[in-house]
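The form predicted on its own is given below as one chain in structure tokens.
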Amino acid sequence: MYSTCVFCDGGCTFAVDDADGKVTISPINPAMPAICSKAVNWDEIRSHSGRLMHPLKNVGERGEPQWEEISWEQALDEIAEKLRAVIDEYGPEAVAFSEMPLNHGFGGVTRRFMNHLGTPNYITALDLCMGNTAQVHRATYGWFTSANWQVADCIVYFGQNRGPELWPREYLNLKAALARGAKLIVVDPRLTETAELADYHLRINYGTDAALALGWINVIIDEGLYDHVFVAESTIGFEDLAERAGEYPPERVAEICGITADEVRETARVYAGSEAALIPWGATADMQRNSTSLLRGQCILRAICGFLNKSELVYGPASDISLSERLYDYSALSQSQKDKQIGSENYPLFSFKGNALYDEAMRNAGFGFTADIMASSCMAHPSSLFAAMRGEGPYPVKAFFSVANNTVMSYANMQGIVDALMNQYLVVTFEVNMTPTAQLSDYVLPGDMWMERDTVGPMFDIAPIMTTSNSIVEPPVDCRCWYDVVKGLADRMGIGDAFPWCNAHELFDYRFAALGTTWEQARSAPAHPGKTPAFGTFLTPSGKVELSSSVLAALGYDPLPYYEEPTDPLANDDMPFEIFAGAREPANYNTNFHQIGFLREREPEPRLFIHPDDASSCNVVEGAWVRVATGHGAIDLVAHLDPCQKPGTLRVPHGWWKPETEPGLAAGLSSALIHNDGMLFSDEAWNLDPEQGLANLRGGICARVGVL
């Protein structure tokens, strides 16, 4: 039997043995033992004392809850009644959902419910973590790339740190590649464990990654190091790209990035001179002012150097399996409702409008649908949605569902998100813990965890396979799977016919029917590949790799990558530092695990990383509580004097709160309002990537430090 851990997005699969009534887990492949301490201690995590065990109703005030245990029937009845009241008064578009499908295990069912209900206002934190990368890959290749680690002879990491507790499977792949003699280039202002393994460590200035990518493209084109045959036969826009790259000679890039021109040239030559180089995905590229241009630059580098379908595989979606996308049933949502999607005018790349630009390419390739890649196509714009929830949008949004996603802590401008939830008529959270988001809810519904449910994946469409994951144990008696919740609400809202499957296993059988099998037959194998377009098929409007993107041009954007210096209009002379946020710590994953004893012991307090010389200039000593402030907000952290931190910069952790402290808005939502990095960053237009609309957390934002 197999199961897949989703305590992080690494998704490590392992074998399960329950002989003699004792469950043990082990690597599927002993040569790649990718199991971290979180997976090993799965039972301690699922059994922690703070876990939600029963549906709860707030009978107090919003933000200062008084919880009353109620039955599932009462919870679903009352939620449906209030949902109907919102729709009757404001229309179905007044209902919004934020979810993370990976966390609850059911890709597609939320969008299906929303489409039949009539609302286009769906968001996911994948907007700023891999989902946006997928959209930019799609605008270049027509689909996402998959890393072929087995042949890689050069790896380039932009800001990523991998280790036994940070994506262990990829860490083992990296170690194996280095053992074969692969070169490692790390682009990171920090001196990390991964950087210490590198042949080349480029300690660039925060947020200047896009300029470096353009500098590499300049060198590769200028010195003729690109794959002339592939560029001529399989790409469009090379001449325009060459002209744009000419604006970024190594000397200019070196000045922007804070490194030498020789470093730019040498690393470009190493990358282009490889037989099979990799640029693995990393969240650092997803949260910058120039995020789209950086990601476009990475995509272009892969293409012009001839690495596509060697070390960087472009499969495309499978045509013969039931993807999550096919559950969405977008045909149920009228065009007039799609046109109401919030944020689609200013940031259309993620929206229905952006997704429609691939319709013809999908038809030409024989697909009967236009795939929603990574659950982040056909999506509303998060910051614009939160503004509408506050009453600042084109129409009111009055009902909000947070599904396996600690929404309040997951985006920039946490203050504004709190205000948005406070202005709702109905807030429902589906969770396993009493998160800060749950504390602002009217109803909190207890969910199951990955080891307690059978699952068919992937949860979002990016790989051409169907996967299975088996439950290890039964969930607590009153903790339900997300499909049961959706089915219960659909029946009550009069759209039950759209969910004819009585339970999750009937839904699984429906999905596996396309492969001529059933859940029971399929569950013994962890993966079931589907049919994909032949290598060399690019599902872009042109049918080629678009070095100059027709999709971006059609949406009114620059079709080529560029570098724009980030600005901070909220800064003043009292803010001498540049701040970096969002780095993951080994003991945590996003906002999770702060209540788990053995993990909390490793990271008991939220830490500020500051160079010793900078600390001395601020009279800060090791272990002192300090206040870090930007022009937008401030948080309190414990100072850690770190010589690996680049002088003049600060690094703050992501997702910190203290579940053991007092809940409620007046107390800071269990300290989230005191420690979470989302308090520091604005989501106004000046701090957003222009094409995607995601917030800049990594470059150009100024801050100060003061001892408390």
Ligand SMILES: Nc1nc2c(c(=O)[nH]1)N[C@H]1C(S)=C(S)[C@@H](COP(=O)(O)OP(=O)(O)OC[C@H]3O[C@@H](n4cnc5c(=O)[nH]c(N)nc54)[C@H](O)[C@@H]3O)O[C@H]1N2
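Everything numeric here is computed off the predicted structure, so don't read it as measured data. We number the residues from 1 along the sequence you see.
Another form exists, predicted in complex with the named molecule; not displayed. Remarks below refer to it.
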Original post:
Since exactly one of Phe350, Trp143, Phe400, Tyr206 fits, which has a heavy atom within 4.5 Å of the named molecule in the predicted complex?
Top reply: Tyr206
Original post:
Pick from Arg584, Arg252, Arg600, Arg607: which has a non-hydrogen atom within 4.5 Å of the named molecule in the predicted complex?
Top reply: Arg584
Original post:
Is Arg453 close enough to touch the named molecule in the predicted complex, meaning at least one heavy atom pair within 4.5 Å?
Top reply: yes
Original post:
Within a 4.5 Å heavy atom cut-off, is Tyr328 in contact with the named molecule in the predicted complex?
Top reply: no
Subject >> Contact of Phe577 with the named molecule in the predicted complex (heavy atom, 4.5 Å) >> reply: no
**OP:** Check whether Ala211 has any heavy atom within 4.5 Å of a heavy atom of the named molecule in the predicted complex, and answer yes or no.
**Re:** no
Subject >> Which of 53-61, 658-666, 672-680, 66-74 lines the interface with the named molecule in the predicted complex (heavy atom within 4.5 Å) >> reply: 672-680
Subject >> Residues from 425-452 in contact with the named molecule (non-hydrogen atom within 4.5 Å) in the predicted complex >> reply: Phe430, Glu431, Val432, Asn433, Thr435, Gly447, Asp448, Met449, Trp450
